[in-house]
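Heads up, the chain below is alone and in the form predicted on its own; it's given as structure tokens.
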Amino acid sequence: MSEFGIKVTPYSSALGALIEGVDLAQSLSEQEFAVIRQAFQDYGVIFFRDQAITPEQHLAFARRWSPIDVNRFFKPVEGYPEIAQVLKEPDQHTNIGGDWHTDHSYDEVPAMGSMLLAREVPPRGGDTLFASMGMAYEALSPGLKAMLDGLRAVHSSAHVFGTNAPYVKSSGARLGNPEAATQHVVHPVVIRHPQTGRKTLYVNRAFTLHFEGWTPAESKPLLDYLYQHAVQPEFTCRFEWEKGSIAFWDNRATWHYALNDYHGHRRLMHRITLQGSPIAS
């Protein structure tokens, strides 16, 4: 318990912390915000429970961290273009975020973090998994680390959000603007976190196409190995949602995976994505 009444409890041995003693409907003091900011850096993802906040209060809390990065492809919440709607209706089979990934790695300056608020949840299921890319990198052999430290990888949005992408076709009206899926960038495979300096693995199954200077066929075996390695149970945690829960994760330090195990039920989340800073090895 901090001197400001905020309790920070580790959520797993790998990553994540539960923040208690905070009402995000109220304005936080600089001292209170500093405690939460430190937890975010220390644990990679932070969780809040029972937050009965309005969209305006959600936006106000997000802006304490960084300017908002408006997602190009998600349908926005009506009246709030800076808040993306993450929705699955009872008759839909495909969910949003149903594979391991990190948001906006296809941008030249990737998003700093994503702040997801549960508005409606199914009676069971719909959990989100998180994985620590710092732990994943640190567990690699010295030889593989040395090899990866010199590699860069190509990330793209077109094959996920573009006009002919299967994901767009299966998502229906929940996604849009496929003509805006033109991002095609190169990032180091291993980056140093802009705030903590920790080395983290920076590729992901959803948006990474291949290593720079390698063909997709040449890249696939090593990328597949990294994808399997990075999600070992000891690097992960699993968050069970309740109405009013918030998860705020660091896109430079983590992956996440939204489980699609609640068919026949509605799940509605509000997501705000926050601008980041340039990343480098």
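What you are looking at is a predicted structure, and each value in this text was computed from that prediction instead of being measured. Just count from 1 along the sequence shown to find any residue number.
There is another form of the same protein, the form predicted in complex with a small molecule; it is not shown, and what comes next is about it.
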query = Leu116 near the small molecule in the predicted complex, any heavy atom under 4.5 Å?
reply = yes
query = Counting only non-hydrogen atoms and a 4.5 angstroms cut-off, does Val22 reach the small molecule in the predicted complex?
reply = no
inquiry  = With the partner left out here, check for me: in the predicted complex, does some heavy atom of Val189 sit within 4.5 Å of the small molecule?
reply    = no
ask   = With the partner left out of view, is Pro122 within 4.5 angstroms of the small molecule in the predicted complex by any non-hydrogen atom?
value = no
ask   = Based on heavy atom distances of at most 4.5 Å to the small molecule in the predicted complex, which listed stretch, 190-198, 176-184, 101-109, 149-157, is the contact stretch?
value = 101-109
inquiry  = By the heavy atom within 4.5 Å rule, which residue out of Trp241, Phe61, Phe48, Phe40 makes contact with the small molecule in the predicted complex?
reply    = Trp241
